[in-house]
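In the block that follows, a single chain appears as structure tokens, in the form predicted alone.
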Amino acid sequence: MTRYVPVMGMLALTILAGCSHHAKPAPALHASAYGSALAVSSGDKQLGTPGAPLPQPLVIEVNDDQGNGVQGALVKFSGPAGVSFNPAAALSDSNGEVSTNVTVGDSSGRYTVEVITTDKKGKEIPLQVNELAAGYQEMLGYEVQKKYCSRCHDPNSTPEQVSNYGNLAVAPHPFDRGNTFNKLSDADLASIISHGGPAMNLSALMPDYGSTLSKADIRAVIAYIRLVSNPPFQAPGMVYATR
């Protein structure tokens, strides 16, 4: 039996040597040009599912002092625990753009993505981008508000829906206006949605939906408003850690 040991040993060494050739690190990226500013081209403030990739890639543009796209600039992406990027770093293309696919964390909420490039002197140029992960209740609220609320509360028209925002005598507040909605309690918002604007001495153009929406639907819309709020909503009585 001992005469087979050297053969098996050589076979093991051959396998190990072969495996080592498959673990080559990815080549490092080196910038050939440098910008002076970063801007979001598309893909920010997306509403995604916790633990899953966002529907669209995040596209960042690197610009020079004249606002022109810079090709060959190195852009790096990072985020809180649970957030991943594919790729995590890339060089800008001929349009000055870099694209990455973002996977948000496992919990619903707001995720702040850090984007960094450097200028000619090596100084970092940072940019923060917010992405959103919606749980079941927030996603239900998104669907409900899209059906009943967005035509008036969203100032932007889409191919699927023309906004009525600019036609109203009193412009409604977009749901991401945290400076307005953060001052209202959940009970206040539920009263406005259920009984209309006059319930809180607000515009009569805000109709009542108490006979149209269930209490669960109304709670879901409020959860969605809290999710998209900018600045972020902070529940009264809660203590929030700062970075």
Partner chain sequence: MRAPEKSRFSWRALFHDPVQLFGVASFVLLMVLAIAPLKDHFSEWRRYQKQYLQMIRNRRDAVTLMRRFQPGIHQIWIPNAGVVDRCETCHLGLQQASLGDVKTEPFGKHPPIPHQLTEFGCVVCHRGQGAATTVAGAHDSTKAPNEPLLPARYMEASCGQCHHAPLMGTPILNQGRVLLAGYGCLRCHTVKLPDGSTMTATDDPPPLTHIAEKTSREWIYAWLKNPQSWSATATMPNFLLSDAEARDISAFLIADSAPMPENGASPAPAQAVQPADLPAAQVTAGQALYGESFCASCHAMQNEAGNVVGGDLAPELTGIGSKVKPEWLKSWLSDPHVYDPGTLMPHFRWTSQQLTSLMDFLESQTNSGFTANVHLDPATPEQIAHGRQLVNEYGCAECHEIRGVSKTDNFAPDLSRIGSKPLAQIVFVAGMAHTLPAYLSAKIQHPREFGPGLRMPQYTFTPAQVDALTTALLALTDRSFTMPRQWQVALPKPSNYRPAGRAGELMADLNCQTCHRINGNGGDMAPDLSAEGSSVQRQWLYHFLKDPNTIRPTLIRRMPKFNLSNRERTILTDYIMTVYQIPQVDRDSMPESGYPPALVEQGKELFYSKYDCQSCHMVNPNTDQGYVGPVLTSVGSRLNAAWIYAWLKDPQALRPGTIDPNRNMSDADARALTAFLMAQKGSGKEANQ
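Please read these numbers as outputs of a predicted model, since none were measured by experiment. Here, rigid core means the biggest group of C-alpha atoms that superpose within 1.5 Å across both forms. Residue numbers count along the first chain shown, from 1.
This protein has a second form, the form predicted together with its partner chain, left out of what is shown; the following refers to that one.
Comment: 145-153 is the region of 70-78, 88-96, 145-153, 114-122 lying near its partner chain in the predicted bound form, near meaning a non-hydrogen atom within 4.5 Å. Contact with its partner chain in the predicted bound form, defined as a heavy atom within 4.5 Å, holds for exactly one of L29, A187, L205, M200, namely L205. Of the residues given (L132, L127, L140, V83), L140 alone sits with a heavy atom within 4.5 Å of its partner chain in the predicted bound form. Contact annotation for P50: at least one heavy atom lies within 4.5 Å of its partner chain in the predicted bound form. Taking non-hydrogen atoms only, F181 never approaches its partner chain to within 4.5 angstroms in the predicted bound form. Of the heavy atoms in V162, some are within 4.5 Å of its partner chain in the predicted bound form. Contact annotation for T212: at least one heavy atom lies within 4.5 Å of its partner chain in the predicted bound form.
After superposition on the rigid core, the Cα of E97 moves by less than 2 Å between the shown form and the other one.
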